[in-house]
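We begin with a single chain expressed as structure tokens, specifically the form predicted on its own.
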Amino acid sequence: MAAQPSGGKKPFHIISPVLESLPLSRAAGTKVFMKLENVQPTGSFKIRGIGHLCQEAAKKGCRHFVCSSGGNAGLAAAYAAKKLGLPVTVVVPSTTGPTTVRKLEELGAEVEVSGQVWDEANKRALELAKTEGWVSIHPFDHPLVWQGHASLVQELKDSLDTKPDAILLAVGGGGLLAGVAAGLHQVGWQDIPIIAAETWGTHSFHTALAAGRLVSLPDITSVAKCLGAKMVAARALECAQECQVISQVVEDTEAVRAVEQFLDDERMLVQPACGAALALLYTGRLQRLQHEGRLRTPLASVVVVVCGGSSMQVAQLQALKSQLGLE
């Protein structure tokens, strides 16, 4: 089912399913609904915001998109560019896997490798965006990206009989967090706590919250490369002042175990970035937050945003398990 147009052209994302998960509900001790963003056309929630930004840029006469991304945002930009009949250059860091590069090229993107982490690839993308007619499509830090992501919450309101007691999501650069926070305000759900998951080694949001200001991590050391922004968007920190945002950081091993468990439980293979949010449910973090008085008791239901898995393969899961000593 296609999403409804939001004034003008039909968006590129679909209305994604909301399904109750019995295994996750058992693990979390409360009813868990999955918002399945991994079934979006490009395999992640990114198509919501990136698609919206690309459509608006095309309306204003953009002749060439340029996007810096280690994966999901680049795939969304390439997909949107193809739909709009415009060229796109995606600048990826050297850590980007061959599967992602192949998918980008299959969508018609020109792929350029620059730097070892996303922040370095982004510097190159901003240089390219100075070319006349070229427009930078930021993977997470743009108001139109957040506006596109906010559509996810309206869909939740349309799908669920009752308001959930918490929304769990993964934080990389903070675009999804900013979009969900905006969406909660739009539907009058701003009192719902957002539980924001990161892995150690990509925990730029957690660090910023603790410091009360934006902080740049010295390096990205986690296997969850899709969460790998050394510094979150300023808007992410603002969201924490406007909504109740609870930051939780999990180990790489917990994220990867969650990926494997979710594959067994729900027959879907997602990325470690998504595994970070799922790990909150599998490792009893919800119950711990309840014991600490940071979440209400009892919880009637929670929603976990299953944010994506576009470049994940079984062989990659096995390699990650081996790398982390989980065999």
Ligand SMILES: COC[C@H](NCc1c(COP(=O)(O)O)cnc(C)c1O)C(=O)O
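Throughout, we count residues from 1 along the sequence that is shown. The structure presented is a predicted model; accordingly, all values stated were derived computationally and were not measured.
What comes next is about the form predicted together with this ligand, which is not displayed.
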Here blocked means 3 or more ligand atoms within 2.4 Å of a backbone or C-beta atom once this ligand is superposed in from its placement in the model of the complex. Does this form come out open or blocked?
open
Please check if Ala229 has a heavy atom lying within 4.5 Å of any heavy atom of this ligand in the model of the complex.
yes
Would you check, heavy atoms only and a 4.5 Å threshold, whether Ala181 touches this ligand in the model of the complex?
no
Does at least one non-hydrogen atom of Gly148 fall within 4.5 angstroms of this ligand in the model of the complex?
no
Although the partner isn't part of this model, could you tell me whether His142 comes within 4.5 Å of this ligand in the model of the complex, counting any heavy atom of the residue?
no
Is this ligand close enough to Ser69, Lys225 and Gly309 in the model of the complex that each of the three has a heavy atom within 4.5 Å of it?
yes
Of the candidate stretches 247-255, 173-181, 209-217, 158-166, the one with residues having heavy atoms within 4.5 Å of this ligand in the model of the complex is 173-181
Considering non-hydrogen atoms and a 4.5 Å limit, which listed residue (Ala125, Ala80, Ala196, Ala73) is close to this ligand in the model of the complex?
Ala73
